[in-house]
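Only one chain is included here, represented as structure tokens and corresponding to the form predicted alone.
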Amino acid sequence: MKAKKSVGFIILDVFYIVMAILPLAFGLVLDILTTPKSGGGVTIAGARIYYELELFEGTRFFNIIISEAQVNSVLVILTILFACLFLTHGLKEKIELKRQHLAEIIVEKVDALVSENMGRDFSGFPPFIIAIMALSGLSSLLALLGLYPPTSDISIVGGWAILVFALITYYKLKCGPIYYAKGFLQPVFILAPINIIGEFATPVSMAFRHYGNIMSGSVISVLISAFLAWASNLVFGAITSLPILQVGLPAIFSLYFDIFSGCLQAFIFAMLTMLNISTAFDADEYYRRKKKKLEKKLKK
């Protein structure tokens, strides 16, 4: 028999749902209030700057900038936070809520994905991987609401790539700094400069791959919409001023560029994260060193 929800339980559920929707609603209102009037034609621009703090007079390089991409990224994080709180509210050993089925399916699928691609040494990584996928996917889907997707800003995606690079370096250093330094001399020492460049190329390639695919999709969508408006005026201009060719077709293209491509890039970024981190960790060398240290400790 299904347990009856208390009034307090329902109120908290409603609160989580409202708080998950509220950041997106705030983003829409902010976008409407801050979008300048367009003079017509095709307009392709980056994230708007809401605030800029000048730290050193005469230079903009070190200025602190609050942009549309950063604000929307925070809104996405808040939406994910309250969506997770809603999904995990009222969890019990015996499943009584449909949302618990969904939460358990997500956990099981991500656990299996991490286990398959990273192995047993990274059993604590599923929360990090699902966080990357959710943040990236939802950030790209903001385009469906007419908001600027944070994944179209290289500074946002670059920040994620730097975080992943820090984790890659951390796991490489688990075998010791000397072992890490020797890796640049493999297979022969003359390749050290190329290996060093390759080391820093990892976060650059991850960032630009993700950013490039999302940004190019946004640009192509705008160009297609503009072309359809021009073609509609050319064909039906004498009959009506309505952009007939723009009805329905942009939505079809949006299914690919905003939904399929956005979710696909989120999955690819998560896969690259898992593969780069797991391959950076030499488990055999790590456990060999660990065993050696333990043997020395026992001898003392």
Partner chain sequence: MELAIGIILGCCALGAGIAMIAGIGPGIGEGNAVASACEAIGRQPESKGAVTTTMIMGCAIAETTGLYALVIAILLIFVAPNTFVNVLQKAKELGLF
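These numbers were taken from a predicted model, which means no experiment stands behind them. Residue numbers count along the first chain shown, from 1.
From this point on, the text means the form predicted together with the partner chain, which you will not see here.
Exactly one listed residue, out of Thr88, Gln186, Ser216, Ser123, brings a non-hydrogen atom to within 4.5 Å of the partner chain in the predicted bound form: Ser216.
When you look in the predicted bound form, the only residue of Phe253, Tyr51, Phe267, Phe236 with a non-hydrogen atom within 4.5 Å of the partner chain is Phe267. The candidate spot formed by Ser205, Arg209 and Gly212 is fully in contact with the partner chain in the predicted bound form: every one of the three has a heavy atom within 4.5 Å. Heavy atoms within 4.5 Å of the partner chain in the predicted bound form are found in one stretch of 23-31, 63-71, 228-236, 271-279, which is 271-279.
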